[in-house]
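Okay, here we've got a single chain as structure tokens, the form predicted alone, with questions on binding and movement later.
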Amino acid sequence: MICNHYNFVKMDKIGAYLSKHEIKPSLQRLKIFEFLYNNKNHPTVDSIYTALSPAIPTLSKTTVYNTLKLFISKGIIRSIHIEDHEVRYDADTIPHGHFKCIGCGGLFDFPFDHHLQLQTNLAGFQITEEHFYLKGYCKLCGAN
């Protein structure tokens, strides 16, 4: 079950998309957002850095971290904290759930519409952030 909400920006329009969100579209920012957009496996800072540093020798992990922090503050990506020791990043900001396989470590998106129940059970509350995580075994690991 993978939900795909990545149709919000065309790849050739990333610079304009970043500018629209008040982010100066430097080469490093463009490449980091492009990587997140193309890699729907919810990468970590380390995996982003490892993938991009050969093509961008001036890139540092600090730059990756600061860029991700900026993207989060502007609402164009979200961080995923399923495990205490691991933060992953997702360019899909439309509300959806995440399933973490405890066998292979894979992280999978799934559609999740819970707004009606939240509106009923939390009437009068102001929700500023939402996360829905499940853990278990994916189809491949569960079959073994």
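All figures in this text were calculated on a predicted structure; none of them were measured in a lab. One-based numbering along the sequence shown.
Keep in mind the form predicted in complex with the DNA is missing from the figure; the text below concerns it.
Only one of 35-43, 54-62, 71-79, 92-100 places residue heavy atoms within 4.5 angstroms of the DNA in the predicted complex, namely 54-62. Contact annotation: C104 falls outside 4.5 Å of the DNA in the predicted complex, judged by heavy atom distances.
Interface membership of N66, defined by any non-hydrogen atom within 4.5 Å of the DNA in the predicted complex, is confirmed. Using a 4.5 Å cutoff between non-hydrogen atoms, S26 counts as a contact of the DNA in the predicted complex. For the stretch 86-102, the set of residues having any non-hydrogen atom within 4.5 angstroms of the DNA in the predicted complex comprises only V87.
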